[in-house]
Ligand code: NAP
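Below, in structure tokens: the form predicted on its own, a single chain.
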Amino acid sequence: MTRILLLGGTTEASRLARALADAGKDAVFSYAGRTEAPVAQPLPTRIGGFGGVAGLADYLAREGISHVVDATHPFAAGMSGNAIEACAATGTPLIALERPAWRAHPGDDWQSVADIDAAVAALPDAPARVFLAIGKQTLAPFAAKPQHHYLLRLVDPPEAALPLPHTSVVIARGPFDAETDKALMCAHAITHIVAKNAGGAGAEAKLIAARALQLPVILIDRPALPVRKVVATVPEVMAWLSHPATDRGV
């Protein structure tokens, strides 16, 4: 009997949820719970963490989960790592639905960096106006360069004081388009963009706008994860789910 746990939070996860619902699959959609009003899904939905690897392994056994699909954000390394370990421990087949990383085009001025700290170091010492397109979870390290003015685009309003002294906040939910992002950058006189290499069309608009405006982009590489089976499309996941010989724990 097939019962699927879909670890979601991305556009791709929502597309897969619709495909699973349309196919009549027994599946549960799991949100991390980092946004106040997550997108409604056509599947039974749970919100919140599992309690680490042990908690997730217990959930898989308790709920009779036969397959896990990790369609979380490419930078949700903690959840993805926990899924790899829990699935290996319980012998549960695991697949990742992951959008391909962005690649530079002619006219792009990109500097790739390994992590958040490297992105902070890559910013200039002279005051700049930075579009900090990285969400709200990893803002604190940028306080090391308080001379900059930071533009933040968040899904939900901040619940507490931001750790950066000079900020402008725009509340919006993607996907975005290049012309809107170009207008946003011009309105805020942006000189630099910091972004995570999340991939996908929904968040690429800022990079297209940066190319048009000839603005430098500091692009943070994806975190490294242990080897796992990765596909890029919903049909590939559906084919994997229908295959009787899925690899267990990988």
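Start at 1 and count along the sequence shown; that's the residue number. Here the structure is a predicted model, which is why all the values come from computation and not from measurement.
The form predicted in complex with this ligand exists for this protein as well; it is not shown, and the discussion that follows is about that form.
- Although the partner is absent here, His188 lies well away from this ligand in the predicted bound form, with no heavy atom inside 4.5 Å.
- Though the partner is left out of this view, Arg222 does not reach within 4.5 Å of this ligand in the predicted bound form, counting heavy atoms only.
- In the predicted bound form, no heavy atom of Pro165 sits within 4.5 Å of this ligand.
- The shortest heavy atom separation between Gly48 and this ligand in the predicted bound form is within 4.5 Å.
- In terms of contact with this ligand in the predicted bound form, the residue from Ala32, Val217, Ala57, Ile208 that brings a heavy atom within 4.5 Å is Ala32.
- The partner is not drawn, yet in the predicted bound form one stretch among 103-111, 118-126, 74-82, 89-97 has residues with heavy atoms inside 4.5 Å of this ligand: 74-82.
- Contacts with this ligand in the predicted bound form, taken as any heavy atom within 4.5 Å, map within 9-27 to Gly9, Thr10.
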